[in-house]
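Only one chain comes next, encoded as structure tokens, the form predicted on its own.
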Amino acid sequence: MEKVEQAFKELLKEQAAYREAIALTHWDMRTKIPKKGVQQRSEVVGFLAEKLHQLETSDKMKEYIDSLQHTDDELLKKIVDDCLETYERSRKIPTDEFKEYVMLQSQAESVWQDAREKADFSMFQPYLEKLVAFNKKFANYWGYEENIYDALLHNYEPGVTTKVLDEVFPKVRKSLTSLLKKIQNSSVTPEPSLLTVPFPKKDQEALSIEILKRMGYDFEAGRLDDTIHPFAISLNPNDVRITTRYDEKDFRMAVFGTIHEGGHALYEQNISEKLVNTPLATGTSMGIHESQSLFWENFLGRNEAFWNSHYDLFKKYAPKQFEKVSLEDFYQAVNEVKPSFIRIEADELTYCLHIMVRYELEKALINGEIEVKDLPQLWNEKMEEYLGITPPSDREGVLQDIHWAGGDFGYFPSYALGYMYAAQIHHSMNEELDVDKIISSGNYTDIKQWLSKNIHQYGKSKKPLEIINDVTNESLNPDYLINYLTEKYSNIYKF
């Protein structure tokens, strides 16, 4: 059995090498690749993904799974169980279809970038139609109990179903729209124009790096680059990369985006070494992952205590115009609530409404209730219904996110789930730590250690709902988010 276990671990290490190569290739394609290199690089990704798929579904893998499935080693059992699920799901997809799909993803991302720049959905439409068709096909291969969308949702948030989302989301939406109306009727009017002064990219970058260091992000195990759509990507716990997007007319995009991606990166950098070179060396779900990024971005980065301790640092890098802006006015401005077109620029309160627009559209797409060609119009109609605004073009509307171009159907709900998880986690952390006092100190070591101890170290060795139950002593509860937003914004807007 020792020889079998060693051989199994060697196979896992080989798979990890392919995953790392694929991740590095994706990072390059989203940041540095010349336009003419996309086609061939897509074929390289397809080749690597095909090889990984073959390893995950090989007879040798099944041999190891069968031999080790009843091991007394708890960690090894979790690794074997994860490999079994991957084996069973992946075996249902023919290798040639999988390779074709991976190549399509890479090509679609490149076309999406051009379509977004030209605000022309018709350029992207045929690629999206193929991606939707593939996802429907894969969902049917995998199988589901009640809703075909559940098969895709499982890829990002196992344990959560459309039934759960359709119970929770309307409750949150009702509370948020009610809060939004109160804010819009308030006499308090933050002045965001105070923030939109020319702010050179190099200075924004220097500020972002300084904040990342204070968060505990290890630059010897990562780097910061810029791209169209910010993301964090983990090659392994010692190489976790962040990208951000700079707007020299509005620093908030880069600063809050960097804090957000830094939260993702801290998760990946602090996974236990015991899990390296296994499929458990990653976040347990996108919802839990998003809880970490939103915790740092909102519960820390948009916290009054954060700016009390960071305003001098901010002004060190910021243009001289900020010398005349009071801390109170600055804090109100960075927390202004105002419906906006772009999800990644959305304020805390309206953010989840953006997610619900996407969830409802992609669920309807996968269920065959709407067609891809109708997305721009339907997107605009839902934005008007939920946020009271209509995007001026496809660039600010249906083309703004990279997720569908990457075939990531079932991903979007994790953003709203992550926000709810983050509020629960914040509440539990406050029962053990004086969170605001720690934030005011500017030294976040205790917060980082608490998150690593309770969440990060486990990687994927705990299921998402297991993490939430262990950390908060209850299952998903949207009331913590509703209460947090109500308290915060009733104080800012004085209602």
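Being a predicted model, the structure only gives us computed values, none of them experimental. In case it trips you up, residue 1 is the first one in the sequence shown, and so on.
Keep in mind the form predicted in complex with another copy of the chain is missing from the figure; the text below concerns it.
By the criterion of a heavy atom within 4.5 Å, Asn277 is counted among the residues contacting another copy of the chain in the model of the complex. In the model of the complex, no heavy atom of Lys9 sits within 4.5 Å of another copy of the chain.
Residue contact with another copy of the chain in the model of the complex: Thr445 places no heavy atom within 4.5 Å of it. Proximity of Lys51 to another copy of the chain in the model of the complex falls within the 4.5 Å heavy atom cutoff.
Contact with another copy of the chain, judged by heavy atoms within 4.5 Å in the model of the complex, is confined among 428 to 436, 448 to 456, 36 to 44, 58 to 66 to 36 to 44. In summary, among the residues Asn236, Ser175, Ser110, Thr284, the only one with a non-hydrogen atom within 4.5 Å of another copy of the chain in the model of the complex is Asn236.
Within 4.5 angstroms of another copy of the chain in the model of the complex, the stretch 203 to 240 places a non-hydrogen atom from each of Asp218, Phe219, Glu220, Ala221, Gly222, Arg223, Leu235, Asn236, Asn238, Asp239, taken in sequence order.
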